[in-house]
Every structure is written in structure tokens, then in C-alpha cells.
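Only one chain comes next, encoded as C-alpha cells, the form predicted on its own.
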């Protein structure tokens, strides 16, 4: 069975992707900082009969990243690496003049540096996979200038560029940066607590990511809404 590592998998899009892959028979290594919701998510995912290893920890910790890859190796390797873990930099979001520099450093460490560290750790296994792929979760804030989204958007823009360069350096892999669009997640609620407008559930967005796995288009940046619309 193929094996995926998914960071930030205790809730939201990470959990939705874990459930969707488990339903397809994937074995999974799941990460999140809080062990309690991670264990609950892993229990729901494993109900599909797949093998699930849940490892609580912080993706900015090199030892934790090595543990994730080692767990995947024990399951058979790494066919897919999903970097979904994200940090906002401030909760709620604030204008750049108020953004704590330590918050910006945290966003860069989680959203960018940890992504590269995990890729570096997993590259030997990804290269040896029959169809190795890296999927990083981007944001429209990486491409558009929204007030208060500057620090988070900057970290995601850098992540997009990292993914683009990785795709050139590793032509044997598929490397996709995916903007999921607005979703009803705790992350968005923490970012903009006063915005309670209706948004898609992560489970409704997950099929866009599955389409990439099914069709394996060229490495690049994709938007989930467009992928969903084209499939209809």
C-alpha cells in the first residue's frame, strides 16, 4: 500500500485528507502538536482498516521530523509528503506595523523551514517511490495583498517558490503547491474571528487534492476551487 506523511492532521484539511486517503487504502503517518485530537483523528482514520501511526510533536523540531520519516519507512516508504501544518504569526491577524517579529519567525519556521526540513529528510524515500509526490498547502494570501495577511502570506509565498525550485531540482517527483481556498477551519477562525460567513468544509475541498494524485499533472501551483470546478 502507498504511504503518506501528513502534517497538521488532527483537524481541518489535514484530517480530511487523511480520511480520504485512508478510504483509498493508503497507510498514513500523521502529525500534530496536540496529542489528544491527533489520537482521536487517528482513531477515526484507522476505522477504514488502514495502518496509521500518529506522532504528536512540533514540525519545527528536526528530531520529530526524522521520527515521522522513520515511521513511514517502517510502513514501507514515502509515496506522498503533505505539508499542511501552518502558523499564522498572530491570532487574530494584525497589520504589519503591529505584527510581532517573533510571530513572523514562527510562521516562517512552521510554514517554510519545517517544510524544507521534512522534504530533505524524506527525499531518499520519495526518490525511490514509484510515483513520489510532495504537496504543500499554500494560500491565496501568497499571491494577493490582503490587509493583515502580510506575515502569513509572505511565508506561503516563500513556500510556493520553494516548491517551484524543488520541482526543477527533482524532475522525477511531482511537486504541487495547492491553494485550498477559503474553508471553515479553526485556523481561519483564529485569523479572522469576526468573519463568520459560510465557507466550504475541508472534506468538500479534499477531492481537489485527490484529483492531483489521480491525474498527476505537471508540478506547479494549483487552486482547489478550479480543480473542483473542472471535475464537475
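All of these numbers come straight from a predicted model, not from anything done at the bench. Positions refer to the first chain, counted from 1.
Although not depicted, the form predicted in complex with a small molecule is the subject of the following passage.
Asker: What is the one choice in 169, 201, 186, 195 with a heavy atom within 4.5 Å of the small molecule in the predicted bound form?
Answerer: None of the others qualify; the residue that does is 186.
Asker: Considering the small molecule in the predicted bound form, which of 135, 110, 90, 122 comes within 4.5 Å of it through any heavy atom?
Answerer: The option sitting close enough to the partner is 110.
Asker: Under a 4.5 Å heavy atom criterion, is residue 59 part of the interface with the small molecule in the predicted bound form?
Answerer: Although the small molecule is absent here, residue 59 would touch it in the predicted bound form, with heavy atoms inside 4.5 Å.
Asker: Taking any heavy atom pair closer than or equal to 4.5 Å as contact, tell me whether residue 28 reaches the small molecule in the predicted bound form.
Answerer: Looking in the predicted bound form, residue contacts with the small molecule do not include residue 28, since no heavy atom lies within 4.5 Å.
Asker: So in the predicted bound form, does any heavy atom of residue 175 sit within 4.5 Å of the small molecule?
Answerer: Heavy-atom contact with the small molecule at 4.5 Å: absent for residue 175.
Asker: Looking at the partner-bound form in the predicted bound form, is residue 11 within 4.5 Å of the small molecule by any heavy atom?
Answerer: The answer is yes: residue 11 has a heavy atom within 4.5 Å of the small molecule.
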